[in-house]
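A single chain comes next, written as C-alpha cells; it is the form predicted on its own.
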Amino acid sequence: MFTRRRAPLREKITLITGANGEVGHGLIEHLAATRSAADVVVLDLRGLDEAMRGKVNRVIVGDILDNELINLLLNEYEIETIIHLAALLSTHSEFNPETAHRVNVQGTLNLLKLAIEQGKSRGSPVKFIFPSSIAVYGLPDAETKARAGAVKEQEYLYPITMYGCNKLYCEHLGRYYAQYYQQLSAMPSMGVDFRCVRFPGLISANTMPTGGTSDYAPEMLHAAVQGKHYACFVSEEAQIPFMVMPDAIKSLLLLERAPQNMLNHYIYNVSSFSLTAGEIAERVRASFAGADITFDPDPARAAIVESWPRDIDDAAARAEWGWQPEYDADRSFEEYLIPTVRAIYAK
C-alpha cells in the first residue's frame, strides 16, 4: 500500500530584518533572554556581528528585494513575527531617493506579501512590527510648529523627505494589508497583524552617529568626549522630541507582546522628552568641561528638522499597550548617555 509521506514541520521563528544595527542588537539581546535562540532568524545585507551570532538560530546575508530569498523564507520557516528594521535612512535617502524608494517601499511590500502567505499557510495572522519615524510629519512654518504643540498620529502628514514619504506610505500599506487586502476577492485574506511605532529622534550612546537628520544630539556628545569642535547644523532654537535607544527597544517589544484585542490603532507615536538643540548643548557642556559647540545651521538639513513637530502625542500608546519611557531627559543624559560615552572612549 502506498503511504503518503508527511511533509516535515517548519521551524517557528521570529524574523528580524536589518538586524545588524543597534536596534537589532538590542532586540536580539532581549529576545535571547526570554526565548530560545532557535526562535530568532536574522536577515541583513552585512550579516551579523560575530558576538551576536550565538544568540540566534540563523544569520542570512541577503537583500529584502531578493524574491528568491523571500520564497526561501516562505518555504523553510513558519514565521510568527516579522520585526522589519531594514531601511535606507533619511540623509542617505535624500542623496539616492529612487534607491530609497526601492529599499524602503518595495522591500516592505515584499515582506508584507511574505506575511500574507505565511498567514495563509499557518492559519493565523503574522505579527508585523514596523518602526516608522517623525519624518512622516511636515509642518509648513515655525508659527504652525509652535502652535501645534504635541502632534497626534493623524495630523500634519506632509513629509518633505523621501524617507518620510516612504515611511508614511508603508504605514498605509500596513493598514491596507491588515484590513483591506484583496477585499474584492471571493475569499479575502485574513490579513496581517500590523503594528507600527512612530519614533522621534533616536539617541544612542553605543554607536557612532552616521549623519542622520536628528544626529546632531549624539554628534555633540561624541565630539565633546574627544575634545573636538562641533558645529551644529541646526539652530539653537531647533526643537524636536527624542528618545534614547533602550526605550526604543522597549517600545518595540511592548507593542509586539500586546494582546491584539487591546489595540485600536495600527500606528502609534512614542516619545520621551523634547529639547532644543541649545538645551542639549548646555547639558553636554555641563558634563564635559571645555566642550566646544557652536551653531552653524545648514539651511537644507535645518529646514528638514524645522518641518518636524516640537513634540508628539503618544497618549494612544500609553493607554492601549502601557507605553511609558524609562528615561526622561535627566535620566537619559545622567544615567545612560554621559556615562556610556565616557566608558567607550576610556577604553
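All figures in this text were calculated on a predicted structure; none of them were measured in a lab. Heads up: residue numbers just count along the shown sequence, starting at 1.
Quick note: we don't show the form predicted together with a small molecule, though the next part is all about it.
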Touches the small molecule in the predicted complex: Pro246 (any heavy atom, 4.5 Å): no
Going by a heavy atom distance of 4.5 Å, is Leu89 a contact of the small molecule in the predicted complex? yes
Would you please decide whether Tyr163 lies within 4.5 angstroms of the small molecule in the predicted complex, comparing each non-hydrogen atom pair? yes
Any chance Gly212 has a heavy atom within 4.5 Å of the small molecule in the predicted complex? yes
Which among 129-137, 99-107, 112-120, 179-187 is in contact with the small molecule in the predicted complex, heavy atoms within 4.5 angstroms? 129-137
